[in-house]
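Here you get one chain, nothing else, as structure tokens; it is the form predicted alone.
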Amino acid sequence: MATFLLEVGTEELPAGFVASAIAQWQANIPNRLSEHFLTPSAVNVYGTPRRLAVVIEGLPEQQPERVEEAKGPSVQAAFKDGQPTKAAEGFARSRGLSIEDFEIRKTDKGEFVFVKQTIPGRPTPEVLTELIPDWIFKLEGKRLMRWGDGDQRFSRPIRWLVALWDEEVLPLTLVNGAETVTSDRLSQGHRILHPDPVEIASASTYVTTLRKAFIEVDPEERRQAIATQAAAAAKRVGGVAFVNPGLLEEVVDLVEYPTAVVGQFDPEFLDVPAEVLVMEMESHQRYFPVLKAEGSRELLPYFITISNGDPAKSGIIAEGNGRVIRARLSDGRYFFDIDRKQPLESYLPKLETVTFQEALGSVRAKSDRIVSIAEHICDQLSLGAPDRANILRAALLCKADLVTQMVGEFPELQGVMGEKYARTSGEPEAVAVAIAEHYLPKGAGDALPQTRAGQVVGLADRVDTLVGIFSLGMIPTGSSDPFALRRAANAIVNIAWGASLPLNLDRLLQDVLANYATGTVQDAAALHTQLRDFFLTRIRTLLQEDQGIDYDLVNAVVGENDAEYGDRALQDVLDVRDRAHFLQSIRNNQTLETIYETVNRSTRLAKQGDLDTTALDPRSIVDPAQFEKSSEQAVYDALVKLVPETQAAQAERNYQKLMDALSQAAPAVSRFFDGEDSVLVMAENPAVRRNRLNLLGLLRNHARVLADFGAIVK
């Protein structure tokens, strides 16, 4: 078995391309080898800013010999008057065989020509030579470029090529117009620490050879080195490195030999909000900030940069980086000071110049709609005057910071700066916090708003976006969701669930549609149906994927083919969650089985009747005078006892009470079906039949308070 090395040397690659290319090769190269009957023992892909490489271990010297069988034309088409036709000759020629090699076989569609041939394995190096150009030039990425006068496209110009089959150079030439790159065993070391070419003796020594030339080709090794060095560097100045995972992933592919360098800035900049300093350091300079302590939000006047230069020159590097960050932080402090010279409310008129969506008007108009929707939510939640005042104030100001200079420079700080400027403007603390919180959650798994004002304003903002964009007919399809409406709907449901808000989402949508002032709503009823279905889909997804509820139990509470359950789910978003979790718990502890058969059988038969699904009390529906068996009376008595338990379960959202009551009724229903005094439900007497169907319908209705048992799969 042999080891093969391919290294593609380039000019500096974008960090994003390095990570993407590594992932593509990790997926594609094993598949391409498999297609050519080659199965290595390991495929290791590496990358730095100046190279992509793959080391393939355990390759055979050649492909295995294999036997292939091919089906040709029908005998009728292959032979005429006992002589081979052009179809037969063409098939034989395509397989490199003669007519004498044909085998005639019977199939379901008649007799056909078959051939069987042994295919010798080709030398593996020969196969690799054919595959490698595609591995390189079929890599996908943003803004691929042409260089020289050729048509080949790659992220950056290719400058050298190493291809080794164990110790031997595998001859390979990449052609790009008049420019060619030919393989050899010479790679390049670190630009400063090892400027001379590096000779790779064998494919298996690639990683260690380059490491001696101050190149760490393994991204995982660089990642660990950066994290370890950053932590140690921060500790030396009495702090803790704040290593943003996203920034770490980027920095890993910006250096070939990482060295953590501690720099310093003037402590006077600590008067600027920490979020601004962190954004300046991370976004503009790719520096790691230094915190006072683990979990703290307070910064020390230091930063950590990951150098790709000479570690002996770290002092000079730190001084230069300090000058650069000083200019950046000065900009941040300037924006902060300028923005604070006027109260946050004074920025509202400028929102007229910012378009939310062309047909929906400006962000200022959206702010007014958020206030209106927040009022509806306050009414639903029966909030008192103090809470209401803070909520409506936060709703009015929540977008004001979008036109400040700081947010203009750093859009990621929207809400964060609104909170800061609200405080300096003398707004109540609840208002300031709500301005920041209303953007939460920003994505899956993100924190939820914790204050009532933040929750309500966040709900109102997203409801406005959903109704507005839906009113324009711009409903998400497939993977297309440019306004992130799925994320907005998920956030609405998660905020309500996380804060236990008794939100009637159905009524809220109707209220908003009735008051929507854009003039785009032509058919409010149809739009309400579209929004209703959209939210039900999101609730289904959240229950199943995020909450871990079995798919059939989700169908049972949301309604697979039953609009009544969909209405209930939107009218009480807490109740649908609680019922789903309760069903999952009684399935897990197997108590669901104690009532499943009884309720399901009753439900199936009850469909033959016409009892309203909301009826619960047998005393106004069932006539005991029509009873012919004692089992009917027993079911009737059980239903009478069920009524207060079901009502209490609904009122308290305590479905264990309903479960216990249904379990107590189950023996009576079983005797009704199968006991010594069992009955024929579909009796010939219409009055008796109706009476018995009503008994079963009432049991079904009590169970329906929890779920549609017909949707549950045993």
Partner chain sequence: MNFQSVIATLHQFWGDRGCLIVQPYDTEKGAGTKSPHTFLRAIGPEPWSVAYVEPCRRPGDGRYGENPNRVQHYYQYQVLIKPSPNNIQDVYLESLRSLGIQPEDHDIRFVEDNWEDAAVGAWGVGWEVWLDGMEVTQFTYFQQCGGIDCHPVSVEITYGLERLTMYLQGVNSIFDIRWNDTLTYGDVYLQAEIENSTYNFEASDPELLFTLFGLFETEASRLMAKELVLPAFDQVLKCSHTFNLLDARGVISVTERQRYILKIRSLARQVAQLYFKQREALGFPLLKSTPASLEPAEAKS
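Since the model is a prediction, treat every value here as computed from it, not as a measurement. Numbering follows the first chain given and starts at 1.
From this point on, the text means the form predicted in complex with its partner chain, which you will not see here.
Of the listed stretches (247 to 255, 623 to 631, 600 to 608, 210 to 218), which one has a non-hydrogen atom within 4.5 Å of its partner chain in the model of the complex?
Of the stretches listed, the one contacting the partner is 247 to 255.
Taking its partner chain as it sits in the model of the complex, is Ser307 in contact with it (heavy atom to heavy atom, 4.5 Å or less)?
It does: once its partner chain is placed as it appears in the model of the complex, Ser307 has a heavy atom within 4.5 Å of it.
Within a 4.5 Å heavy atom cut-off, is Glu179 in contact with its partner chain in the model of the complex?
Flag for Glu179 set to yes.
At 4.5 Å between heavy atoms, is Gln285 in contact with its partner chain in the model of the complex?
Output for Gln285 is yes: heavy atoms within 4.5 Å of its partner chain.
For Phe79, is any heavy atom within 4.5 Å of its partner chain in the model of the complex, or not?
Although its partner chain is absent here, Phe79 would stay clear of it in the model of the complex, with no heavy atoms inside 4.5 Å.
Quick one: of Met145, Ala514, Ala201, Ala447, which gets a non-hydrogen atom within 4.5 angstroms of its partner chain in the model of the complex?
For this set of options, the contacting one is Met145.
Just to confirm, with a 4.5 Å cut-off on non-hydrogen atoms, which of Lys71, Arg323, Arg297, Arg105 contacts its partner chain in the model of the complex?
After the contact test, the surviving option is Arg323.
Relative to its partner chain in the model of the complex, which residues of 328 to 345 have a heavy atom no more than 4.5 Å away?
If the 4.5 Å heavy-atom criterion is applied to its partner chain in the model of the complex, 328 to 345 yields Asp331, Tyr334, Phe335.
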